[in-house]
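There is one chain below, alone, in structure tokens, taken in the form predicted on its own.
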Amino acid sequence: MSRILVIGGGVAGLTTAIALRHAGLSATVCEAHPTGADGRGAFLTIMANGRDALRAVDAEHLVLERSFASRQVRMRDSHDRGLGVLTIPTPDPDHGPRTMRRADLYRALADEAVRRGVEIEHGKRLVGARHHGGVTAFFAEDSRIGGDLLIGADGVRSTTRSLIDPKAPQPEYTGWHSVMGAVRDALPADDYDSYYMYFGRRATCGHITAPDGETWWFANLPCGEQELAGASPTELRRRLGDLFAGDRIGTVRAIRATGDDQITAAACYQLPTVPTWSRAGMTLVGDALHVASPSTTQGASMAIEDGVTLAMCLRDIPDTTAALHAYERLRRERVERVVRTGFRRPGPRLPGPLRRLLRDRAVARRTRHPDTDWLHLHHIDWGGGVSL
């Protein structure tokens, strides 16, 4: 292929472009925003399976150099009483989850993509596409770019998804926003490698403290889909204070101490299935294709898996249509199962997978978390090849 267009310069798009170059294919990333991600307090965790996928394309170092280990989830109730400790399944102690700032991951992926020969064009908002053997992408500023294949990595509100199938389902609002922030020296850091997750009487929140003393926190705020539009950091802190009033939760101290420039909020969505993955020289990766609740902690890792798997299919199967069919065959069951795992409404109740693991901790210790091994220990064999 002479040129593959990747629409979207987030985790999914940049990883896909890096994987395409690793497979010996071309890639141009078209990003709608004029610049990359900002430095506000959003963070994410790359799970063992996400690291495995990055390792397949010699890009795992991008995470390791900017992150720290996060091996356990210490769950506590509204009175700061322990509910149990969940050890996240890993292939071995050196390949477990890593936590990092979202903006740091974006920058690292963008720099690596450029180093490998990827073109990145900002200010390119996709509005249409035409298939003519190849594909031409049309952008809002009245420009166009031609290529052999268009890959939609344009997120929850994907334009590409609608171009592939105008009747495609839209993501469902979960009923809550995720509010995130970062603050230094607000909490003691007895366990640098542990998340603390609190199940309050009205909502959930949690935090992890990095080795340098910075605490990164999140809180799930039940509200209407547009209720927080334009909300200031002061208003977000007030809403969270009211939500956790009367609870004895360590995360709340971090929330109160966080400066305005390190608080961000985003609506949370779920998209269980997309009937049509590919059509007329176009396909999808990442949140454009499947949107899981943040409770799965798999959004970034699934996007990385998508990009690497798609690149393998395009590398090994000369016919593009056949390659896209192989990509769907390899990915559909897995990603839809991930979304189902996290499908829930907000509130203080433990998610189903955590309830089962804690209820049967003795069995889980003997069998290495059988409920979630399929999720975290997934392996991509880059050298193994893909067949029809």
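Predicted model, so just to flag it, every value in this text is computed and none were measured. Numbering starts at 1 and runs along the sequence shown.
Just so it is clear, the following notes concern the form predicted in complex with a small molecule, a form of the same protein that is not shown.
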Going by a heavy atom distance of 4.5 Å, is residue 266 a contact of the small molecule in the predicted bound form?
yes
Residue 208 versus the small molecule, in the predicted bound form: is there a non-hydrogen atom within 4.5 Å?
no
Any of the heavy atoms of residue 341 lying within 4.5 Å of the small molecule in the predicted bound form?
no
Taking heavy atoms only, is residue 299 within 4.5 angstroms of the small molecule in the predicted bound form?
yes
Of 71, 95, 102, 116, the one that lies within 4.5 Å of the small molecule in the predicted bound form (heavy atoms)
102
Of the residues 30, 335, 56, 63, which one places a heavy atom within 4.5 Å of the small molecule in the predicted bound form?
30
Heavy atom contact within 4.5 Å of the small molecule in the predicted bound form, the stretch among 279 to 287, 141 to 149, 251 to 259, 78 to 86:
279 to 287
